[in-house]
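We give structure tokens for two forms of one protein chain below, kept apart as structure 1 and structure 2.
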Structure 1
Amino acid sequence: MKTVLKSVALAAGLMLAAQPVMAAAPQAKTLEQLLQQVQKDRLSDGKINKEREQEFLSERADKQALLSKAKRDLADEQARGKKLEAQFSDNEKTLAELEEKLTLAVGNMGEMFGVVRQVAGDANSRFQTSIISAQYPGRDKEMSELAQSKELPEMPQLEDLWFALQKEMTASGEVVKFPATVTTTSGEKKQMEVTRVGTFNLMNDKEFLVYNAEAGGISELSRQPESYITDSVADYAKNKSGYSALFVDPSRGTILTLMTQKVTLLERYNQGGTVGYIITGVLGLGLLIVLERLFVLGGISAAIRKQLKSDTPSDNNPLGRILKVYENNRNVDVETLELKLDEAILKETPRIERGVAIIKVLAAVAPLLGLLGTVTGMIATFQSITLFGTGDPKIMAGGISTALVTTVLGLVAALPLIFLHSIVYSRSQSLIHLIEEQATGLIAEHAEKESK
């Protein structure tokens, strides 16, 4: 488009220039006049041509001189060009050499820079989680700046890195106390004295604390570990001189945090649910019966022992009552006496055997109840599987551990009941033997002694 415009403008210009020439030429009126005019023009043209020719001829010598000068200049320039070319190639060579040197030098520096960045990055991540940062906050920021900077590190920065690393090393070997703000479990911030044991533990005068790397603060544990572990902290805090045993978390707080997830015994018991409570009820009932039985049987055997020593039969014990039957039927014949004695013995035995069988039943029922709890727990588990699928083992595991807790409870209830049943049973059996087999023997001995 542009070129078209240009050419149009050029044509217009030419037209404008050409018109005055045509206008200037005087208009010939006749052929003769035209002839004369042509002749005249030819004469003047020839004159002009001659003048120009003259001019050219005179200028020719000058041009020759100019040409030879130009040729000389060319030769000069060519020589200079060659010289410069040689210089250029020389320079190129030195340039290449220097460049090589530069890459070598930069290579060493780059390696060092990389190492510095890596070390600073490592130190950054270590400082972030290290509990020493609770005492000296803000160290990780410097390290992360150094690790992420694109420029070569300056000398002071390198020294800072070195100093920070050595400080961490020294601090990891210390047991120090320092004041700090601690976030309590209720969320308020409190100023208190905190003891730091190397890189392992933070604690106040009676509890363990944890350093929260993300929040960058010290906080109380939502649940302290078992009391015998926590007591060692209190003992340590009270100790003014010498040594004191202390539980230390070698994983730098991870175990302590995991321990907060640990289920306490009571929580686990409550996982058992309704069946768990029923089992506890069974155990309680069984223990009550056992206590009652032991008390009653103890009383009976004490009374019988007393009776064995005295001659007069008393009414407060089975043996005494049986002896009384003999006293009342002194004069009857042996068969009648035996029948009467059997009757009296038969009357006594239920009182002694009472309740023993129930203990056994309860001991047998407790594991069965545990099984029931397991099955209901499994039903709950399968329900959660139908709802949520098997994707998350955590959901299932909760139900399964609930199911197992009832089994544990059933066994825990059954074991003491079995023991106690065997004790109560052998006691009652020895009493039964005494009145069934030995009471008549005693009467016989008595009768023999009297008859003599």
Structure 2
Amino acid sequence: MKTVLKSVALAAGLMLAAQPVMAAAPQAKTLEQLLQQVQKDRLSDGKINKEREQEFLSERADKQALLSKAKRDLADEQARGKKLEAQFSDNEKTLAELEEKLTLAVGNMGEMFGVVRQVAGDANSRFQTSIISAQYPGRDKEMSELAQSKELPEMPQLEDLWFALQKEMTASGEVVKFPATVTTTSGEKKQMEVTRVGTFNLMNDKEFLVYNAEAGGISELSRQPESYITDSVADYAKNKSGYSALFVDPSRGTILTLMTQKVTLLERYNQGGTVGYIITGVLGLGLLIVLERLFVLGGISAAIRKQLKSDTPSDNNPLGRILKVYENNRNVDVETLELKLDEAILKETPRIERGVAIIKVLAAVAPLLGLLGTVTGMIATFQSITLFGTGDPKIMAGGISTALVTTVLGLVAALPLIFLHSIVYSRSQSLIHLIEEQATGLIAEHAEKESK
């Protein structure tokens, strides 16, 4: 049934396809012409179908060739894919091994570069305060950039670090002179020749200089050290050959800077305050009295020695005045003469001992004034502690300095006054003893005359 339906449909299709041809062919008028025409058309259709079949067969061969080629290409690509997959796997293994080696290498290099950054940071700190930077400014900037760099340093940077450290070591053993701009204590900038002694000192031909790391320049010290230290600079500058002694600062300027804050002798004396000035006045008064007494006693002693060599009594010395008393009382008895001479000696004694007791009193008062300054200084110290606490020792230093300085001043004033008092007292007593000795001799001589 399905076959019959397919035949009818095919015949209908052929009829529909043959209608234009039949319309174009001459119309048969008889059955025989129609039969011939049908046969003729049938032969023509068969020929066309064969040609079309040949074309179909030819195209099929081409398609088959293309299909075969495509299959071969597919096989080739599949083989290539497997090869690439194997190569990819091998590359993955190789890449993993290389990454492991790289990680190990980077770890070792990272440790090394960490050391490089640390060395660069230390060098930066050293260069900032080194007096060699006064001659070669700007060295610390390169070291600072290397120390703070987030990337691995390159070979030129490592060479710069090595060169900078080598230069620092070489310059630390040199004594060189170079021109530089120096800031004076008045703020002026002067161009002068500066001498650098290794990493220890900077100086001109007269005094020490200091390198100011914050300002990046050289400046004069606000106060030079003691004269015996500063004089060594001038001696060194004048020396043209051989060796010369020179004080060096191993702390690279720190000690010199601290010495500018050192209290001088005058400033330390002024720390004694009012009590210190009073002690100084006591010492000065005592010394004046001592000088006056030594001068007066020296004159009296010289006059007495002159009187001893003369037979004529003189009024310009105690012995002469006593001799005059003796001369005026030659006719009296011994007791009366003794009383007269004792009276004369008593009159002369105050003149000779005048001021000696005052020196002794001043010698005793001076340490007491020092003790007074100690007490007032400690009171000021405790007051500072009460107000400001003990956090800053400098606040307490003022009162403690007053206490100690006044104590020292009191002792310094008392010791020479005690020594000078003993000298003046001895000289006065020796004169009194000499007068009494001469008076006793006169009484003895007068008694001997009466007994005869």
Partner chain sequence: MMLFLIELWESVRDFMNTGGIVLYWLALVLCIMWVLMIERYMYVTSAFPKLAKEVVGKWDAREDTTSWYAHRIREAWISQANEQLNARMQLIKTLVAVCPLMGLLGTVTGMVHVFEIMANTGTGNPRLMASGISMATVPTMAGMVAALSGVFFSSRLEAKVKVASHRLVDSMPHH
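All figures in this text were calculated on a predicted structure; none of them were measured in a lab. Here, a residue number simply tells you its place in the sequence of structure 1, counted from 1. Under this definition, the rigid core comprises the largest set of C-alpha atoms superposing within 1.5 Å between the forms.
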Where is the form predicted alone shown, in structure 1 or in structure 2? 2
Taking the rigid core as reference, does the Cα of Q37 move 2 Å or more between structures 1 and 2? yes
Against the rigid core, is the Cα displacement of F295 between structures 1 and 2 at least 2 Å? no
Exceeds or equals 2 Å, Cα of A245 between structures 1 and 2, core fit: no
For S68, what C-alpha shift in Å is seen between structures 1 and 2 once the core is overlaid? 17.4
Rigid core superposed, I443 Cα shift between structures 1 and 2 in Å? 6.2
